[in-house]
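Below you'll find only one chain, the form predicted on its own, shown as structure tokens.
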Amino acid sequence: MEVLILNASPRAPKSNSKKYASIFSKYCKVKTSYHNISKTNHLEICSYFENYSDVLLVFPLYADAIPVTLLNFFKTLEKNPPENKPTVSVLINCGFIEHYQNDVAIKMVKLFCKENSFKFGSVLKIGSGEAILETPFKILAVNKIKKLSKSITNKKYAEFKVTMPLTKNMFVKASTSYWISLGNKNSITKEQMETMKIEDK
């Protein structure tokens, strides 16, 4: 048994998804292999599927859906399916405090699996994913990743969820303070961040 970890974040090399994948690899009891999905390696990654019992997709929520990085990869995988189809599990994180904000994206992955005869495995839904690893609540996320790993290696697939134990108001205040502080470090004001012109930076 081996697990293929695929980072489908649009900014995979510097992403939170990479951090989550690293934690999963650390606690997984079987061999893992990690790859970023890029615009140019779809066929290469499709060829890897033959050699793995399980695939773990790690990605962030984008506009309440899967990121285009994963969507485009699915298009290639659909046209180049492996003979051996591993079980597909998901580790998804979003910037909202509510972990259930990830539900639509998970349904999209489940639909792809159903339409292309892949077995769907476990899920870990992480709320406040942009921040939780930088707080004392990191241990909560790590514990859930351990459970995710165990469920995959034991083939007792299940759904898990975690977020920071804060009220919405507390989370909004803390996140606003974080982004203003980060903006100040990069010479960007709160007013600039509230406009679309920030994309010009």
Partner chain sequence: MKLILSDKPLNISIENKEIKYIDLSSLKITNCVGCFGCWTKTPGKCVIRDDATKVYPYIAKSDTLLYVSHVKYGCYDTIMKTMLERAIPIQQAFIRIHNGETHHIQRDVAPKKATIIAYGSLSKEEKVIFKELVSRNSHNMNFESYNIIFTSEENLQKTVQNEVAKWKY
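If you superpose the two forms and keep the largest set of C-alpha atoms that fall within 1.5 Å, you have the rigid core. Positions refer to the first chain, counted from 1. Remember, it's a predicted structure, so these values are computed and weren't measured experimentally.
One more form of this protein should be noted, the form predicted together with its partner chain, which is absent from this view; the next part is about it.
Contact flag, residue 118 vs its partner chain in the predicted bound form, heavy atom cut 4.5 Å: It does not: once its partner chain is placed as it appears in the predicted bound form, residue 118 has no heavy atom within 4.5 Å of it.
Is residue 56 one of the residues lying within 4.5 Å of its partner chain in the predicted bound form, judged by heavy atom distances? Contact check for residue 56: no, nothing within 4.5 Å of its partner chain in the predicted bound form.
I'd like to know if residue 153 sits close to its partner chain in the predicted bound form, meaning any non-hydrogen atom pair within 4.5 angstroms. Answer no; every heavy atom of residue 153 is more than 4.5 Å from its partner chain in the predicted bound form.
Find out whether any non-hydrogen atom of residue 33 is located within 4.5 angstroms of its partner chain in the predicted bound form, and reply yes or no. No.
So if I measure heavy atom distances to its partner chain in the predicted bound form, which of the stretches 135-143, 47-55, 64-72, 25-33 falls within 4.5 Å? Residues of 64-72 come within 4.5 Å of the partner.
Answer yes or no: in the predicted bound form, does its partner chain come within 4.5 Å of a heavy atom in every one of 42, 131 and 158? Answer is no for this spot.
For a quick check, can you give me the residues of 163-180 that have a heavy atom within 4.5 Å of its partner chain in the predicted bound form? Read in sequence order, the residues that approach its partner chain (within 4.5 Å, in the predicted bound form) are 168, 169, 171, 172, 175, 176, 179, 180.
Aligning on the rigid core, do we see the C-alpha of residue 14 shift 2 angstroms or more between this form and the one not shown? Comparing forms between this form and the one not shown, the residue 14 CA shifts below 2 Å.
Does residue 189 count as moved between this form and the one not shown, where moved means a C-alpha shift of 2 angstroms or more after fitting the rigid core? Moves: yes, 2 Å or greater.
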